[in-house]
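Here we start with a single chain on its own, the form predicted on its own, put down as structure tokens.
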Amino acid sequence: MKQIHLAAQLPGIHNTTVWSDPRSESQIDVESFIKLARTAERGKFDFFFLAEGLRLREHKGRVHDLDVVGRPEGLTVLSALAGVTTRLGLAATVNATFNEPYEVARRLATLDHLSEGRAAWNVVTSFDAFTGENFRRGGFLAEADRYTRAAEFLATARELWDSWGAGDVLADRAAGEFIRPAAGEFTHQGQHFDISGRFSTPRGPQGHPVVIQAGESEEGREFAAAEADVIFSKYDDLDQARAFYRDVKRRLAAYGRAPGDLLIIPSATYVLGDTEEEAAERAAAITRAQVGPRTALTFVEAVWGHDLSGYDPDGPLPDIEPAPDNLVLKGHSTFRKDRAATARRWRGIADERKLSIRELVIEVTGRQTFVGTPRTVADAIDTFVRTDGADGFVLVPHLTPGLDDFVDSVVPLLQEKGVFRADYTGTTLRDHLGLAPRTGAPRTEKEAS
């Protein structure tokens, strides 16, 4: 029976988080992270996930506070969580465009040691000079090169992790030898990196931390098939999800990998109720909180490229033509391409369904993946996974920290169906995901000495 993988993401960054709700807690206070991590571990989840934002978004030249609810540095937070959890995997998003392989590899190896084998790295790239202004190199990297740099970045990190062999720490008091002579030696010469020396951190318990990738493009799918252990996807429509699943799994054979070597885990939201009607009413209320009047106008302005502050969010779309080359919302990947086509599509939907600005934005951006009673939500998740729409889900509550209701009501039903673990059977994240330890080729005895 196919088993479901579950992960938890602290809500933040996007407007899907209702940070203004009185029940929502801080996105910075360590207690919020601890609460959600402990809830996820109580539910026997595979891992806790943190997204990343390297620059506060700006809307019409001002900080865009509608979807900015806290962007702390992930590996620092997860290092704190390593001390208050024992089994839960810890996954951080770390950018491969604005960092250096040595430093990222060292921090991830450290987290893998601190957590005794629970570290994961979501490898992302950055697409714009706007974010790059926060960094020394600015927007130097052409978008076409971001995956070539990311691929070499990851390959270099793997070389650094493999620079320590399993027996390199001798700690031989009698002989007075602590490490083998060749421990940590490395040399890498490539298009983006030319480094050599000694890597400071012995290989972690997992060999290589679990590598996660999020990418819908052709380059992203190929990168995931070659290198990733987990790939996120955006599809909550079952037919589209199955097509993505088949396509990505098909690519694995070209790299000598089996279908089980890469897990497909989309992000998902949920709303529960005692009845279907109650859950539907809650979902509608949550969506309207997520897409308030200001958010609705902001999104339409982002597509139209005009200041539309004079328009009524509950009125029709503006009758003026879009200016898709005028960027009014910076740092938001959703609105960076094909905005003229998006405007035409949005106008067509609004005209056909007689939708106001706010209703349209709810229609095209709002989503609640699983809505219903705990029983119907458990059945829907099982069906999605069993029919190869995914291998599991990263659940994102709309309140911080959230997730208690899911763990208390849905998880027991999944366990009752036999499709989700009753307890952890291993100690590392690779154990939870069913992945073998990953290392490079071991050094020969001559090389080691």
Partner chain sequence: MTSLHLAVALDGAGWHPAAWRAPDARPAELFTAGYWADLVTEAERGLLDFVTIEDELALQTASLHLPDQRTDQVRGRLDAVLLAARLAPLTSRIGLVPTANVTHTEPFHISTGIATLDHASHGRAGWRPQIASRAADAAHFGRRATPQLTSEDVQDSTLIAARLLELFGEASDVVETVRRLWDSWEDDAEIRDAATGRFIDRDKLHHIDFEGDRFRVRGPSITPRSPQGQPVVTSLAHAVTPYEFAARSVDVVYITPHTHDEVVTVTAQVQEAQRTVGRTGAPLKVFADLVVLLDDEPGAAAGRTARLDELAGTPLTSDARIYTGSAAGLADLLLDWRDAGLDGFRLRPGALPHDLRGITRRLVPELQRRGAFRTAYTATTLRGHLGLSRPASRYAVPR
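Numbering follows the first chain given and starts at 1. Keep in mind it's a predicted model, so treat the numbers as computed, not measured.
Below: the form predicted together with the partner chain, not depicted.
- Under a 4.5 angstroms non-hydrogen atom cutoff, the partner chain in the predicted bound form has residue 180 among its neighbouring residues.
- Mapping the unseen interface onto this chain, residue 31 counts among the residues with a heavy atom inside 4.5 Å of the partner chain in the predicted bound form.
- Residue 332 falls outside the set of residues with a heavy atom inside 4.5 Å of the partner chain in the predicted bound form.
- Under a 4.5 angstroms non-hydrogen atom cutoff, the partner chain in the predicted bound form has residue 56 among its neighbouring residues.
- If you check the partner chain in the predicted bound form, you find no heavy atom from any of 44, 93 and 413 within 4.5 Å.
- Residue-level contacts in the predicted bound form: of 369, 342, 79, 373, one residue has a heavy atom within 4.5 Å of the partner chain, and it is 79.
- For the options 217, 196, 275, 191, the residue carrying a heavy atom within 4.5 angstroms of the partner chain in the predicted bound form is 196.
- Partner proximity in the predicted bound form, defined as non-hydrogen atoms within 4.5 angstroms of the partner chain, places exactly one of 262 to 270, 183 to 191, 375 to 383, 358 to 366 at the interface: 183 to 191.
- Contacts of stretch 78 to 107 with the partner chain in the predicted bound form, defined by any heavy atom lying within 4.5 Å, are made by 79, 80, 82, 83, 84, 98, 99, 100, 102, 103, 106, 107, listed in sequence order.
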